[in-house]
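So this first bit is one chain, no partners, the form predicted on its own, shown in structure tokens.
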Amino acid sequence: MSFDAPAMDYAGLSPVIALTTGLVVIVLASVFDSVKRFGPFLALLTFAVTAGCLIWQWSADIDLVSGSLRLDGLAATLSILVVIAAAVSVLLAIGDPSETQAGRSDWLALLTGSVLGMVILAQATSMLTFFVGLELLSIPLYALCGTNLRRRESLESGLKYLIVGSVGSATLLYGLAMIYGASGATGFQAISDGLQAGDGMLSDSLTLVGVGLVAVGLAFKVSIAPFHQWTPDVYQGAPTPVTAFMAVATKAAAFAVFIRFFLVALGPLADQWDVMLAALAALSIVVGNVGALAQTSLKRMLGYSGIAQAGYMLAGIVTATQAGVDALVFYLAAYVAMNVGAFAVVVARERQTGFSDDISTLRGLGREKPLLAWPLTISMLALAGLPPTVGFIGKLYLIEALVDDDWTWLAVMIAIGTMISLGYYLRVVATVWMSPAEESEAAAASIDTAALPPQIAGAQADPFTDSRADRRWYLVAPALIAMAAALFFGVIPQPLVDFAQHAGNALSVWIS
């Protein structure tokens, strides 16, 4: 009896190998006290090497590991976004209470493990690697949310995320099982072929229920309403560097497999699922924007904002066209810049005041700390979709793709959601620039944590404060770079358009 091992393309697998090697090194570093303090450097080096491998394989279009993974433009572009988000989170976590309480090497190992799951998820072309990547993404994040061991809200957010995430994973797995039963295949292309070959399988109730369950499972992961309930609580309770990572990286990875599974595996069923996804997108836009209006916690507000933004992105999949995918990837890249700028300022401000995220602590920030005020302002304007920021171009790109594919009503929903969002984004800008600077510290000191309502309980004072946080390069630099990117690509969007089209071109065989 002979065993033929599958051919291994080590160049194509180099991003996964780099992350796995870095993860092992970070774990081993925790054993040696003399090396432990270099944990952030090792993590950043791991992400830099991974990014280098992705750029090296930028033009690749190859199947890996017997077709269970695929490295192409879609996987490379969205993996780059994940790695950037992870590198920023490492910088934001330097000196954070969650990192010191959980152990620096342990914290970084969990983060790197989650990144590995995201990269696998972005490359997945089989239901098996799809689910493995999703769980490898999720399980470290459950632990990371609870790493601020002295804050009840952090532990509570980890537990909530674990429970809701488990329900989402179980729902997704049940849906995948039904689709396997209908198609008799696990590979995405084989599923498409099996559904078309089967007698009546494109309209069979087993298939349609499976599609719905998969959509629900992925909606949990990307915070699509009405499966969004965990998002504001987890965003606020989790340590802010973890929230920053979840806000952008999880969406990038989950939307990567959302695109590939629905447009490749379920492409023949596009007429069945497009209306369902359109309804979820519209509902998410309304729920997210309306829910954010009443928030006094900046992190909760950004959580509701993320729900609305996920609705905008989902609209790109509804079109089932290459233009829609291009617009979605463009908006995801813009979303990274917009959120990095906002969360970097939140991290710096919470360390200065000892209060995590109450909007009132931003009073007078424009006069006091302009290096923090400007990135936050540009991030809010970009998230609102105002010119000349990249958020405006991103929404315009999505609206154009929707109108061209006769989804005008959904394009109108994006416009209406944008108008509603001005009510809370501009409120933050007004707080930053239109309140006297001398009142800001007094406002922070006057907050009665015992009187805070439960929904902003995360604004409790943390024993760790740093009066020089606004001058820490590892906090200020990401904010300033994100601000520059949001403005540059808003004025000169073509480089980012080319970046997004590289992802869409990878699916040109399956979509028009």
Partner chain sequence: MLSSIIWTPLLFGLIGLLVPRRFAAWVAALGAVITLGLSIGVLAGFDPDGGMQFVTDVSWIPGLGVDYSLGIDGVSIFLVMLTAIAWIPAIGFSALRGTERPALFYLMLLAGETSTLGAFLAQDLLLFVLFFDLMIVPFYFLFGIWGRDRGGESDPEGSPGNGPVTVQSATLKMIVFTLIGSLLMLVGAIAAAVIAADGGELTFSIQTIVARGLPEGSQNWIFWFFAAAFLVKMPAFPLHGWMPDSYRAAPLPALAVFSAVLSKVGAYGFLRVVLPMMPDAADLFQTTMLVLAIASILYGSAMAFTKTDLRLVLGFSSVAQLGFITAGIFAFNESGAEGAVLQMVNHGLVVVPAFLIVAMISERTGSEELGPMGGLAKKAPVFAVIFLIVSMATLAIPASANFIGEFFILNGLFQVDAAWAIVASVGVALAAFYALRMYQLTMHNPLPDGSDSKEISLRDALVVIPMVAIVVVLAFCPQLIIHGSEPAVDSSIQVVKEVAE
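Everything quoted here is computed from the prediction, not taken from an experiment. Residue numbers count along the first chain shown, from 1.
Unshown form predicted in complex with the partner chain; subsequent notes refer to it.
Q: Given a 4.5 Å cut-off on heavy atoms, tell me which of 174-182, 396-404, 113-121, 94-102 is the interface stretch with the partner chain in the model of the complex.
A: Comparing against the partner chain in the model of the complex, the contact stretch is 396-404.
Q: Just one of Val286, Val132, Ile359, Leu426 has a heavy atom within 4.5 Å of the partner chain in the model of the complex. Which one?
A: After the contact test, the surviving option is Leu426.
Q: Using heavy atoms only and a 4.5 Å cut-off, determine which of Thr353, Thr77, Thr418, Thr125 is in contact with the partner chain in the model of the complex.
A: Result of the distance check: Thr418.
Q: Just to confirm, Gly194 within 4.5 Å of the partner chain in the model of the complex by heavy atoms?
A: No, Gly194 stays farther than 4.5 Å from the partner chain in the model of the complex.
Q: With the cut-off set at 4.5 Å between non-hydrogen atoms, does Gln494 touch the partner chain in the model of the complex?
A: Flag for Gln494 set to yes.
Q: Contact between Gln501 and the partner chain in the model of the complex at 4.5 Å, heavy atoms?
A: Heavy-atom contact with the partner chain at 4.5 Å: present for Gln501.
Q: Taking the shortest heavy atom distance, is Ser297 within 4.5 Å of the partner chain in the model of the complex?
A: No - in the model of the complex, heavy atoms of Ser297 and the partner chain never come within 4.5 Å of each other.
Q: For the spot marked by Leu386, Leu422 and Trp433, is every residue within 4.5 Å of the partner chain in the model of the complex through some heavy atom?
A: The answer is yes; Leu386, Leu422 and Trp433 each reach the partner chain.
Q: Which residues, if any, of 357-390 lie within 4.5 Å of the partner chain in the model of the complex when only heavy atoms count?
A: The stretch 357-390, when checked against the partner chain in the model of the complex, contributes Gly366, Arg367, Trp374, Thr377, Leu381, Leu386, Pro387, Pro388 at the 4.5 Å heavy-atom cut-off.
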